[in-house]
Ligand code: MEV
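Quick setup: one chain, the form predicted on its own, written in structure tokens, and binding and motion questions come after.
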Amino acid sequence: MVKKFYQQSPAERVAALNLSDAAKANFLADQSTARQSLIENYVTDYPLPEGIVKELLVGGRSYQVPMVTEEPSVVAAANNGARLLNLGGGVRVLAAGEPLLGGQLLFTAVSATDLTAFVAAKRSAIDAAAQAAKPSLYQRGGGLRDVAVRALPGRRAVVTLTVATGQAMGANAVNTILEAVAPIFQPFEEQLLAKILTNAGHDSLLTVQGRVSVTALGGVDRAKQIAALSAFGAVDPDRAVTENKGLFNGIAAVLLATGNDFRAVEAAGHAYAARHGRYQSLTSWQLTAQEDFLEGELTLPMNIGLVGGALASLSRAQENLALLDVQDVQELKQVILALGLAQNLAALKAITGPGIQAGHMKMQARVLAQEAGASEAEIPAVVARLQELGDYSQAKAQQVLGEIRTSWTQN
């Protein structure tokens, strides 16, 4: 009997792919037994480069922050932003709540009033079912914190269970609790459409703030430009989308490096950016009254974890967490948001100065030099010449490399 694709071994799947022999050999070389069970139809690992923010001050403590990303200049920009914020004393945490994650029971064709009365009458039973479903969570100080009913248009309603998830992101715990609680709503069985967690993170907001002297930015005029650009993101959704994307360049890179779900955090962040009915920037930068400092602030919902999920199978994520040396999930959140604020500052500074493209093209020149076959000793010279010419093509990189080698040989 012929095995279906999902029943085959990773090596057999690779053999069945429409790839050259060389590509198949590369796929096989990058396979790892530790990660084969993480996803379906596994064929290989996909490596991404990892860089480091060497020093980021958060709450008076210095952190070395790992970042995994394929986008040029992101790590360099994060280091630049961190340096500027460090000069101003680093990033401080203004507000941090308990790690909370919501779960939803979704009802259709229902009276929200009847559902509210039912929840009030059954609250003790709901609490008991939740605790019985995840006793280990309660033993660690977590568990169900709140049950609320929200009416929606069209005779729809949502029962939201808010769960303290501790050091884990908590998706599996919340879904398990929802499954255990759902039978209590048997009188509304026909109206119960679905039970699933929400990544909205309304109850997991965190706020950080940092400042940088106008002198470090190049003067008060430059600081005013950055503040004006930041304000633009509060009124123009098109600008805000791009600014928030740049913010998540840094945040997602750290989440990926630590084995966390960057997609969930980004989705929650974008929803939070539209909380006032218009999409806005997640950060804000303003000059102080004395015009001696530029102050920035970032608030973001964030549900992440230090344990659970895929972390057990991601050895590099565990090593990166050891590098960060954070004691709990709240500390990890603070570092990640501080990195996001630094990333945002660097982007705003670049846009109001030489332009964001300058950093991108320098990194692009390095990539072109490497693809042309330049050695580590040759790369700086190729990059400098490409920047001088303003031609960032593969053909020009190969030509420049040939000229440099000829010149070095003659000398």
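These figures come from a predicted structure and were not determined experimentally. The first residue of the sequence shown is number 1, and the count goes up from there.
From this point on, the text means the form predicted together with (R)-mevalonate, which you will not see here.
Asker: So which of P301, G309, G166, G246 gets a non-hydrogen atom within 4.5 Å of (R)-mevalonate in the predicted complex?
Answerer: By the 4.5 Å criterion, the partner-contacting residue is G246.
Asker: Given that (R)-mevalonate is left out here, which of R239, R155, R92, R222 has a heavy atom within 4.5 Å of it in the predicted complex?
Answerer: Answer to the contact question: R239.
Asker: The chain here is shown without (R)-mevalonate. Which stretch in 33-41, 60-68, 343-351, 378-386 comes within 4.5 angstroms of it in the predicted complex, by heavy atom distance?
Answerer: Only one stretch passes the 4.5 Å heavy-atom test: 343-351.
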